[in-house]
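Starting off, we have a lone chain in the form predicted on its own, written out as C-alpha cells.
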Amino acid sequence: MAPFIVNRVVQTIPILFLGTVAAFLVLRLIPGDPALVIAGEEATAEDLYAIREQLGLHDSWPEQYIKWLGDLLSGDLGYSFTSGLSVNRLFSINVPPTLELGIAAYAFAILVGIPLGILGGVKPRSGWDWLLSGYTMVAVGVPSFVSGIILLWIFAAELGWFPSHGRVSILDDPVDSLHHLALPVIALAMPISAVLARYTRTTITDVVGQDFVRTARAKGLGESTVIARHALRNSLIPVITIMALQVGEVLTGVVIIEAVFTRPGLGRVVVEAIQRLDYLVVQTMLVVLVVIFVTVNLLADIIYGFVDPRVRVR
C-alpha cells in the first residue's frame, strides 16, 4: 500500500506546479495595469513608473514568477496591492466563513444525495425512484444562485424564518451559526446532492443486477446486509470519483452563494481582487483552490486502494 500512496503523491507534484503557473498567468493575460488602478486616472507617467517599480512589475514574467513561487513556498504571501493588508491576514479573516459554508454544504450534499441514490437504485421505478428523478431534475436544472434567491424570498423575506444575510461564527454560537448557514447550505448543496444521487442510483442499479448479489440473496442474507456489504461496496469507486470531483463545484459555487447571501468570505475578496487586478491575492487564492482540489482527489485515489485492492497494482 505504501508504494501505491507514494506513487500517487509524486504524480500530484507536476499538477501543482502547472497550477501555480496558471494562477500566475491568469490575470496577467487580461488587459489592464495594476499601477493605473492604484494611482487613478489622473496619475502621471512618473507616478505609474514608480508604482510598477515598487511592485516589481518591471521584471520579466519568469523573474516575477520565480520570486513569487519562492515567497509562496516560504510562507510569505506578500501584500495586497490595493488594501495594503498582508495576504496572510486577508486569508486568516476570510477563510473560516468560506470553510464553514463549503464543508457544511458538502456534508449536506453527501447526506442527502447518497441515501437518495441508494433508495432509488435498490428500488427502481418505485416511489423513491420517482422522488429521486423529480428532485434531481429540479436541483440540477435550477442554478444555485437562482435557488438561493428563491429561498431568500420565501423563507427570509416572506416567512422570516431565517436571516437574509450575515454570518455568525460556529465557535461563538453554534445554534445561531447554523441558523445563518441553513439557506446558503441548501442552495449550494442541492445541485451537488442531485449529481451524487444520480450516479449512486446508476451504479447501485448496475451492481444489484449482477450474479454475486443474486448469490448473496440466495444464501439467505438479509436485504440490508446484501446492499451494505456487497452492492454498495462494489459500487463505491465511481461514487467516490464523483464525490471528489464535486469539490470543484463547491469551490466555485461558494463564491456565488456568498454574494447572494451577503456572507463574508474568500468569494467577496477574490471578486474585488480580480476587479482591481490585485495579482498576489488572486494568485494565492487560485493556488489554494488548486491545492484543495488536488488533495481531495489524491485522497480519493488512496481510498480506491482500500476499497478495491486491484487498483494498487495498476
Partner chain sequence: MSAATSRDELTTFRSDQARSMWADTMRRLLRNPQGAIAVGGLLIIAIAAIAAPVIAWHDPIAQDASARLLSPSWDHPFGTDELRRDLFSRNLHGLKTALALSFVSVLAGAVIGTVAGFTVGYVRGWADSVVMRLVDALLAFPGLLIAFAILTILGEGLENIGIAIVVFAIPGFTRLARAQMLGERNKDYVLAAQVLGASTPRIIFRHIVINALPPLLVQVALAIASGVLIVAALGYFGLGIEADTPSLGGLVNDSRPYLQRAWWYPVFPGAILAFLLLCLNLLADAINAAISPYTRRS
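All of these numbers come straight from a predicted model, not from anything done at the bench. Residue numbers count along the first chain shown, from 1.
Missing here is the form predicted in complex with the partner chain; even so, the following discussion is about that form.
Listed stretches are 182 to 190, 151 to 159, 105 to 113, 79 to 87; the contact stretch with the partner chain in the predicted bound form is 151 to 159, by a heavy atom cutoff of 4.5 Å. Taking non-hydrogen atoms only, A300 never approaches the partner chain to within 4.5 angstroms in the predicted bound form. In the predicted bound form, no heavy atom of S60 sits within 4.5 Å of the partner chain. Using a 4.5 angstroms limit between non-hydrogen atoms, G141 touches the partner chain in the predicted bound form. The partner chain is not drawn, but in the predicted bound form it has no heavy atom within 4.5 Å of L280. At a distance of at most 4.5 angstroms from the partner chain in the predicted bound form, none of the three residues L72, V95 and L99 contributes a non-hydrogen atom.
Checking I237, V146, L131, L178 against the partner chain in the predicted bound form, a heavy atom within 4.5 Å turns up for just one residue: V146. Although the partner chain is not shown here, in the predicted bound form the stretch 275 to 296 places heavy atoms of Q275, L277, L286, L289, V290, F293 within 4.5 Å of it, in sequence order.
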